[in-house]
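Before any questions on binding or motion, here is one chain by itself as structure tokens, the form predicted alone.
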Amino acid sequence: MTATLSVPASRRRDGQDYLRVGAGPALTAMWAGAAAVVFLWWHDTPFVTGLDGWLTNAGRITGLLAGYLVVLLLALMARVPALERGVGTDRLARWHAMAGRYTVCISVAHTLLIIWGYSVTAHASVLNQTGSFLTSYPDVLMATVALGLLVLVGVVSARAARRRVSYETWHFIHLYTYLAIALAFSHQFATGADFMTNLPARVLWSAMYVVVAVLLVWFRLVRPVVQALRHQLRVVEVRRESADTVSVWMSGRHLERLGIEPGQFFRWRFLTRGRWWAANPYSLSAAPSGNLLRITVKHAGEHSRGLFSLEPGTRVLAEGPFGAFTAGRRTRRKVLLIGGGVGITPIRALFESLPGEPGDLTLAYRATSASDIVFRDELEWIARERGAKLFYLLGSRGTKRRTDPLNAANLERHVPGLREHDVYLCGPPGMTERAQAELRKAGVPRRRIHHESFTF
């Protein structure tokens, strides 16, 4: 079977409107939650005296905040559509990473402060007090194991470590976060002074955990299965785009109900031996066409390499769509799209589908050499059909900034009136960081630079 492209001038979402929660309201809600946690401590603490009192109460505050932050970590990654569409998956991932670092640091601080405070009260050494906690309080021992798991996840998530592990390994280790939270939960009620005699606090705290658990189960387990049964996705064609890039076409039923927008991605699970357990994120590389979807993947690891040998008829479980890298971010009539590496996939879908008159759209494709360009024939055909501008920025990734094809002067030469454009940017981290700096130098406001990251 040969899949064909249809290139609409615009896409609509089947007349449906989707709830979106923007970054501002989401951040406000998160800070309000943190303030409520501090109020809980303040309400239950009439006065603080002595070194032991200050240390112990500092331990109480950090413990409460750590308990709140671990729930926040899970909520950010629960894949709630309103957040995914409103905030954007890449921004949620950055918030999750930042909150994760705070969680680990605050959890360690809580442990040290409580041990120190109790040792001052008991006139015992820190080592003796630590031993007493571990041998006399079973829930403290479980909480210590939980802390160790959180530290492990934090270490693996550090930038230096992430570069040395595959996405699958990183994802598997992250599952220990759930075990850590389960081990620590009973500790909060068993020894937490703010919960032992405060029934309303116990009820509200438990409700917070239960609500997030329900969101996780529904959006990460139940909903993907329901989608799989409803849409019956299967591979219909696997097509080589270059020596190290392949496109996978899939067909399904009632795909219009998904409300897919070009620029979004799914987490794909191909149900074959050795691949069914891994769900990897890949953007759509073409606007949805009828009941056809396409992704394009570059060989970058074991999972992506396996897609080169997929057979037509393979069943597919697709979780999504996710991401806010869509036409909804647009604020200007004229748009510049910049793509490089695997980032060209959502850029190509937007180039095909963003509404615009001839002359409104420009695509800059950053590549090392002409042989690295993917979709060349498609992109040039789209440019001709839509009256859009397309140009290639070729050169080594190691090029110095003043001679980099993405420098501000070169962009302004190719795109007259650049500072009045919206810019959609997607590519490897180094490229996107440099491009953002050059766009700012060219006078493009930060709020009109829309970018998506493929780092995990």
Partner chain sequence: MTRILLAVVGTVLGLFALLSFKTHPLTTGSARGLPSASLPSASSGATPGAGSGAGSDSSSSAPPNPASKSTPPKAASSSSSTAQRTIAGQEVQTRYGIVQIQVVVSGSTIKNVSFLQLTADDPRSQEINDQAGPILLQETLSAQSSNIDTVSGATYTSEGYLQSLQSALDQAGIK
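Positions refer to the first chain, counted from 1. No experiment lies behind these values; they were computed from the predicted model shown.
What comes next is about the form predicted together with the partner chain, which is not displayed.
Trainee: Would all three of 38, 45 and 102 be in contact with the partner chain in the predicted complex, where contact means some heavy atom lies within 4.5 Å?
Mentor: All three within 4.5 Å in the predicted complex.
Trainee: Quick check for you: of 385-393, 59-67, 413-421, 426-434, which stretch puts a non-hydrogen atom within 4.5 Å of the partner chain in the predicted complex?
Mentor: Selected range: 59-67.
Trainee: I need to confirm a contact call. Of 207, 243, 175, 98, which residue comes within 4.5 Å of the partner chain in the predicted complex, counting heavy atoms only?
Mentor: Selected residue: 98.
Trainee: Can you tell me if residue 54 lies within 4.5 angstroms of the partner chain in the predicted complex, counting non-hydrogen atoms only?
Mentor: Residue-level check for residue 54: yes, a contact with the partner chain.
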